[in-house]
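A single chain, nothing else alongside it, follows as structure tokens in the form predicted alone.
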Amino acid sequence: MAHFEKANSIGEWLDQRLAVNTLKRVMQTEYWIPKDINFLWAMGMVLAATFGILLVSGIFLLMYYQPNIDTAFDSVNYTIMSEVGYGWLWRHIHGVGASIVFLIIYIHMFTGIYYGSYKKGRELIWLSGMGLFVAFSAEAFSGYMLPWGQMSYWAGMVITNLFSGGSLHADGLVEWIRGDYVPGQAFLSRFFMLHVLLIPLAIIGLIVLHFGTLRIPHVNNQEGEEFDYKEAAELYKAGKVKESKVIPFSPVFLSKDIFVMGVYFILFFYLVFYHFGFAMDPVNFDPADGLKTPAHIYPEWYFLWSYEILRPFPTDPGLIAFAFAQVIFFMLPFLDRSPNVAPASRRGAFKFWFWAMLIDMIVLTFMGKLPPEGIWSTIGLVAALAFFVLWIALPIITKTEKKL
């Protein structure tokens, strides 16, 4: 009994200083979620949980990783994988997590596009989410450098060369980023700092911002129906309606999130134990060698679509195309001129735009892994041009869309 009284006194002490109970009420029991939403709305929590696993596994790897160009490769591929107890497990978890997290991000992004989660007062939800996408991309790229294998070195060389700006010849900027003329110790040290400290802090801040933007305008629902969430909750609690349109975030919706996460982690650890190879490039098991260029340099699968947009064009147009691809998704809330907040299936031409964009990005991803020759080069060029045509067409087809 004394323990309960002590816990209560601690809770009261914290509540008086941090308004803990008020925060819990505002963020949980008084945070109402639409009732008619499916498992895809749980992807945000799945993403946050995966980021947590990446943080924990990264801390364990950090205990033995050596950020030195002479010892980094061996510290990852021999010390961690062979000499440290269960080091292989933590590396598999981190590698699979780093790859799967982008699958979750893309599912989350296209769910938002399909259901119009970026429209009508929800622009900041989309913009903060795209900020997270950029931060996760930077985190993944910086982490890919750390094993200091062949693909780490040469992918770092190619990607940092993009900052030369083609005919702008901004070579000084590239050297400033690398800390040298070619990737070396300064390069590895900088990306190590970015990966383990600066970018994770940015991701945590953006996650807080993203959840905050979700709290104010509320998430939308499958049908795009707009209503007063607080009023709907009060009507149900007062017994004036038979069935509520909303449910409290905690514990009702949170229990659905936890169920989806349970299923997800079964699949996640199945991959960790039995199919981890997809997350580890075989070329990267060779030590970095600046005098031996790989036959075909390519990034990880989650960057392949934007890489393929760059490849078919000459240097300057290619860099412009690549920059366009990185920025254009941020502009989605402003390019979609339709007044309708509804699923794509009910939005006429936008339905075809959505599926065309999804298929085009899948094609770009597959083409990005293949050598740019023969028929593959032609398909990659057509898919890249289709990407631009689709974005140019978006404001036209949505402006003519009839109000539902």
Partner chain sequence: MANNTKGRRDFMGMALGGFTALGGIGALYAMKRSWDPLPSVKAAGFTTIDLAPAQDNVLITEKWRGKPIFILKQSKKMMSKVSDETKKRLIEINGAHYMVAVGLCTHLGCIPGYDPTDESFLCACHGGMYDATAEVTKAPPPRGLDIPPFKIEGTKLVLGETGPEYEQMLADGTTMPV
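Positions refer to the first chain, counted from 1. Bear in mind that the values here come from a model prediction, so they are computed numbers and not experimental data.
Omitted here: the form predicted in complex with its partner chain. The next part is about that form.
- Proximity to its partner chain in the predicted complex, defined as a heavy atom within 4.5 Å, singles out one entry of Ala233, Met280, Met157, Val134, which is Met157.
- Contact annotation: of the candidates Tyr270, Trp176, Phe259, Trp88, the single residue with a non-hydrogen atom within 4.5 angstroms of its partner chain in the predicted complex is Trp176.
- With a 4.5 Å cutoff on heavy atoms, His169 counts as touching its partner chain in the predicted complex.
- Proximity of Phe227 to its partner chain in the predicted complex falls outside the 4.5 Å heavy atom cutoff.
- Interface residue remark: Gly290 is counted as part of the site for its partner chain in the predicted complex, having a heavy atom within 4.5 Å.
- The closest heavy atom approach of Asp180 to its partner chain in the predicted complex falls within 4.5 Å.
- Each of Leu162, Leu310 and Pro372 places at least one heavy atom within 4.5 Å of its partner chain in the predicted complex.
- The stretch from 114 to 122, 294 to 302, 271 to 279, 77 to 85 that comes within 4.5 Å of its partner chain in the predicted complex, counting heavy atoms only, is 294 to 302.
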